Each structure stands twice: as structure tokens, then as C-alpha cells.
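What follows is one chain in C-alpha cells, specifically the form predicted on its own.
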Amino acid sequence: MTEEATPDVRGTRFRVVDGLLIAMMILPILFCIVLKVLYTPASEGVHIGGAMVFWQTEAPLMPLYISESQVNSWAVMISILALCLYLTHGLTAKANLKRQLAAEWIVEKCQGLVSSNMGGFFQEWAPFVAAIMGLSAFSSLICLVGLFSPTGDVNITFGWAILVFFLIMYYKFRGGVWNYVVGLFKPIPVFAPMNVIGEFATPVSMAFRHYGNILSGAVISALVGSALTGLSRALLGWLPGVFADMPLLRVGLPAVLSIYFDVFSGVMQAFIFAMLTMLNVAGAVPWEEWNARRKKLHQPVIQNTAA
């Protein structure tokens, strides 16, 4: 590769594309901030509620809503897409840009995570797991700029969990539909109702675990901030002028709580959701029944070994 082909000297066109990708990362979030400012009504005190509804119309079964959580989810997805394009812009055989090193590190870590938890057969699942983890983490972290976290809406997390549920069922049926139905009556037929409930409990628990942890953190942070404001006015109300109305006690503690509830908890819940996805999908495959069917069809036996 000649020196003229390296990303460092590609000139104006390379920098313009970089600028467009950076704008593509930032503008969707700015759009959501402007939309929130325009639609948020003036209010006093603490207001804890769900996502705002921007638009609604009648539909045959139920009203169709366009809510804040949906708009913010699309903004996060567009920003993540732009980030991926930015990290992979100007790839070369030998990394000449720090962004390429970051992209390679992310790919290696995701592939290693999938291989160690799901086995070699699921190696191609690395992009899906990375997408789930990134979408969940960034959806929780946008609350740092004052936006509603889509993960604080049970409809969003339920949509992700239902997708994972269909994937789980797809792999369970690999051993045959009849084998799956028979397995519901094991170890004894009386356990069949509980086994059926257990099948549907997986997506429900995944959805409510993620939603509940994110929402509870937002509620606790809002209540603590409101309590500190009231305490500040009660203790420092004797100060002259505007100092009496300044919530001085809110300085410091809410920021510490935000580090835990917004940053640490948001990233941790994204990792947990991705781990549950990998373990549930990998554990759903009936390897013995599937390989028995493959032998009948004269297909090679699959060996799934974790790294």
C-alpha cells in the first residue's frame, strides 16, 4: 500500500466524511433535546412520569402512539450506526488510526465473550450481542443529557425480550417440535403447566429486570434531589437575597448518585441483559436430539465447545 493511500493523507474528502459522521452522532440527540424542551410543560416540584406522547392516532385494535421512548430509541440507533461507521472509516491492513485500534479491540472482546459463553457454534452471534449491549447501554446513558431513557419504558425492554424469546424457541425446535412438546411433560406430566409458565417467564423476567433497575434509579435520584432542595431551603432560608432560594445542599450528592444509578447501573444492566441472552439461547439447543436428526439426514454432527 502506498503512502498516498493511508488515511492520514487522504485529504479534505476524508475529513469531510469524518465531520458528517460526527454530526450524524450528535444531531439525533440534539433533536431529541429540542423536542423534549418544546413538549415538556412548565411544572413545579418533582415530576416522575413515563415517556411523553408526541403523537397519537386511532388504529383498529388500539390507539397508535409515538412516544418519547420510541423517538429516543431511534436517535440512539442512528448515533450508534454513525459511531460504527466512524470507527471503521479508513480501515487498513495495518492500523494507522487510533479509532481502528478501538474498533478491533471491541470486535475481539465481543467475539471472546460470545465464544466463552455460547461456544464456537455461535461465533457469528458476536455482532448481535454487541448490538444488544450497545443499544441498551447508550439508551440508559442518554439520561445524562436530560433525556428519557428508553430502557425506563417496559415496552422497549419487552420488545427486546420478545425478540430473544423467539430466538430461544427457534433453537429449541431444532431438536424437533415433537421432542420439544414431550419435554414439557418431563420429569412427570404434572409438571407440564409449570414448564409452560417457565417458558414465558424468561422474557418477562428479562424485560422487568432491566426496566425495573433503570426506572428505580431514576426515581431514587429524583426523590433525593427533591429532598435536598427542601432541606436546603429549610436550613439555609435565613440567608439574604437569592442565597435563600439556592439549593446548595444539592451540590455533590446527586452527582455521586448519578455515577452509580445512571452510569454504572446502566452499563451493568446492559451487560446482564446480553449475558442472559447468550446463556438462554445457547442453553436452549437440544444437542442430542438435534445431532440425532442430523445423523438421519446424513449431516455432520455439531460439536459446540466453549473457548
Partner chain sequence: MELAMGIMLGLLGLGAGCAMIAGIGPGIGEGNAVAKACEAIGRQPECKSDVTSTMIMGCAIAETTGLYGLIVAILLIFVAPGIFTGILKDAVNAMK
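Everything numeric in this text was worked out from a predicted model, so none of it was measured. Positions refer to the first chain, counted from 1.
Unshown form predicted in complex with the partner chain; subsequent notes refer to it.
For the three residues S205, G212 and M275, a heavy atom within 4.5 Å of the partner chain turns up in the predicted complex in every case. Checked against the partner chain in the predicted complex, the residues M268, I29, V53, L35 give one hit for a heavy atom within 4.5 Å, which is M268.
This chain is drawn without the partner chain; in the predicted complex, the residue among N155, N179, Q100, S216 with a heavy atom within 4.5 Å of it is S216.
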